[in-house]
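One chain comes next, on its own, written out as structure tokens in the form predicted on its own.
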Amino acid sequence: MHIEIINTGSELLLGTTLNTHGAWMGSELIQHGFRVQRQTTVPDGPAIMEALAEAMTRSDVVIVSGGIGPTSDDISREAAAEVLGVDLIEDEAAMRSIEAFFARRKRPMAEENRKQALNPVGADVLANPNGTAPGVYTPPRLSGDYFCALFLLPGPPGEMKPMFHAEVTPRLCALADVSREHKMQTLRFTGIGESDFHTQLDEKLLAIPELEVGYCARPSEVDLRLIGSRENIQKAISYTLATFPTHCFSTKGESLEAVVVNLLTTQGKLLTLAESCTGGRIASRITDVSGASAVFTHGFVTYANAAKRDLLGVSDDLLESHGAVSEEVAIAMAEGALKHSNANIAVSVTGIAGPTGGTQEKPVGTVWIGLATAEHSFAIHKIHAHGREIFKQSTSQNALDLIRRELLKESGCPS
């Protein structure tokens, strides 16, 4: 089944709004055995009609997000009716739903909202309990020679996603033969790069029949995407984990911070952080995970030397003799954070994000990551020289992986 997505909205092309709909829909569809073949983004206005007419010539299903609001530049309904060669009529049930939406909120309904009840003749209205814009579904028979199903969905995520689950997925499953098992699984790695897969694993994976393999690289992270039958995916996972037994932190697509929070929760341990060069990035990632409040106690952002001294107890002598970016100070920061909290494990970071501040002995990108528990403390040295944003992300990734490995070691699992 050839599925295309058309994302509408000038704000998506101007860069003021991040387009996440296509990625979300693609991820949802693959779980049901469907693949998105193409995605297009167009501005509001007449470009919608042109994109829709082109997509329907080559597609079995076209999904349009946005353009069904009450304003003059919302013309997805009009574009659909024009391409299908049918009239728009006001749907009585849709009109009652819109009126009820405003009545529940004790707000007057503007006359412009009436256009949201317009529907191509023969199309189904898709209920929208979360907003004023009902969706539209036109079955393949309505499109004549195109024989293409069409969905018009609202743009706001809080309206689009529930409608997608309730209305789009069931209709797609009814349209298509999805009896053939076709799954996707994502494995996530840190501490290795795409070239490691190419030299050590690609040949084995490519030898598995009817398996699609793909990679997505990020700072200090690589995702391995496997698409195929359950049996072939499992075979690929076995090869992969045998080749990189300690670098895979998730076989289910979870983020590294989610893995860390889960390990802390399972082991009943508490974490504290002392950050300098990352400015709270690690704490932010940890607290993005639901349940972090049960395992994360403190986050010290000690950017200045005085803060390292006053909040963590790092001595002036240590700072002067070794410098803030050093193994000794990283360990002292972690030990100080542990001392000033009731945590079981503390991690610290201190480094030079750049572009200034580096020396020959400590170039830009240098970072020390410290770890302390009641039993031991140590620090590891890394260099990331790719700009401040990538430096902070890579450093936070290395710090989280250090926590992961420590927790796995304490649980008796290989790290």
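Predicted model, so just to flag it, every value in this text is computed and none were measured. Numbering starts at 1 and runs along the sequence shown.
Just so you know, the form predicted together with another copy of the chain exists too; it's not on screen, but the next bit is about it.
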query	finding
Contact residue in the predicted complex, chosen from S220, T302, Q116, T138 - any heavy atom within 4.5 Å of another copy of the chain	T302
Listed residue (L205, V86, A292, I237) with a non-hydrogen atom within 4.5 angstroms of another copy of the chain in the predicted complex	A292
Segment that reaches another copy of the chain in the predicted complex - one of 147-155, 78-86, 123-131, 277-285, heavy atoms within 4.5 Å	277-285
4.5 Å heavy atom contact, K161 to another copy of the chain in the predicted complex	no
Interface membership of L211, another copy of the chain in the predicted complex, 4.5 Å heavy atom rule	no
Exercise: K392 in contact with another copy of the chain in the predicted complex, heavy atom 4.5 Å	yes
Another copy of the chain contact at S377 in the predicted complex, heavy atom, 4.5 Å	no
Another copy of the chain in the predicted complex: contacted by all of N344, L371 and T373, heavy atom 4.5 Å	no
Those residues of 13-46 which, in the predicted complex, come within 4.5 Å of another copy of the chain by heavy atom	L13, L14, G15, T16, T17, L18, N19, T20, A23, G26, S27, I30, R35, V36, Q37, R38, Q39, T40, T41, V42, P43
